[in-house]
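One chain follows as structure tokens, the form predicted on its own.
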């Protein structure tokens, strides 16, 4: 009897009548989810439009003007670009900027070497060593610059003292005033400050490689170099490219350490494009020329990172095929 009641058509009718209500609620739920997504995206979109794209377009417009700090702007077309390309200091600044971008290669070499060593199983106290290696990046760049200014001081610095004591140099070197040494010093300080960022990324990528891959390579008789080329490098190439892209962009945008160490001098010998932008904007009060240099800095940054972006996209496509 109970079984007949369970199979009674009235019960089936109740279930079937609930289906249209559930189907009708699906579009309403999907619509509310879309609105929720747009609600969460709205702050990011407003940030990009109001604080990034509008100022960028305003900067493009200002680069076609003589735009003084005080006074009315005057339309001059491409005159800012002609004046900049015709100035000798601009090409000096371009050479310094490209040289400064090479510090990314030194940062990558330091980070890769340290990550490979710290990833070995026989290394003890790994957490302590990781903390020691992250110290330069944990300190503010201005503090790091002040430390290096003291170390390289020709009268009080430890570097000059020991070089004189060991007979390597015969007289103090004014590191930040010499046109040749000053370029390499800002590269050295930038590399020492920011290589831990790449170290963190590469160490995480190395630790994600299964140990069985190395065991299989050893079974086939691969030496350490072959294991690095066949196992390690393919698995960390994407992380390396991502780290290089980020660091090139950040290195070219940095101003605090080069400005703190040398002030862009002597002359324009250590003035990267970011310092040249600062000089035009806040020392000369010519915002039109400052934005002209800023736009060229964006162009140089894009040209330098474009090959790495292409390689990174290839890595993503290969990962999807797997």
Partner chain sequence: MAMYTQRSTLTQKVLGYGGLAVVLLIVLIPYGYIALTAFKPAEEIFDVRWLPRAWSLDAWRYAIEFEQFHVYIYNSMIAGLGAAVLALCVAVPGAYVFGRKQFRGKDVMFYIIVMALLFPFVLLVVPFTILWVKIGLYDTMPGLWLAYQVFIIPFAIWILRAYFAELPPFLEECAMVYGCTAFKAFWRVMLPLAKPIITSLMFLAFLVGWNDFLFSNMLTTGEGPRTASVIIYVSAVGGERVEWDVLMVMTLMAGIPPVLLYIVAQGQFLKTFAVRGH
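Being a predicted model, the structure only gives us computed values, none of them experimental. Numbering follows the first chain given and starts at 1.
Below, we refer to the form predicted in complex with the partner chain, which is not included among the displayed structures.
Heavy atoms within 4.5 Å of the partner chain in the predicted complex are found in one stretch of 99-107, 82-90, 209-217, 132-140, which is 132-140. Distance criterion of 4.5 Å from any heavy atom to the partner chain in the predicted complex singles out 123 from the list 180, 123, 233, 168.
Site annotation in the predicted complex: the residue of 164, 151, 94, 76 reaching within 4.5 Å of the partner chain with a heavy atom is 151.
Although the partner is absent here, residue 300 lies well away from the partner chain in the predicted complex, with no heavy atom inside 4.5 Å. In the predicted complex, the partner chain sits within 4.5 Å of a heavy atom belonging to residue 192. Residue contact check for residue 245: one or more of its heavy atoms lie within 4.5 Å of the partner chain in the predicted complex.
Among heavy atoms of residue 144, some come within 4.5 Å of the partner chain in the predicted complex. Scanning 228-267 for heavy atoms within 4.5 Å of the partner chain in the predicted complex gives 239, 242, 245, 246, 249, 250, 253, 255, 256, 259, 260 in sequence order.
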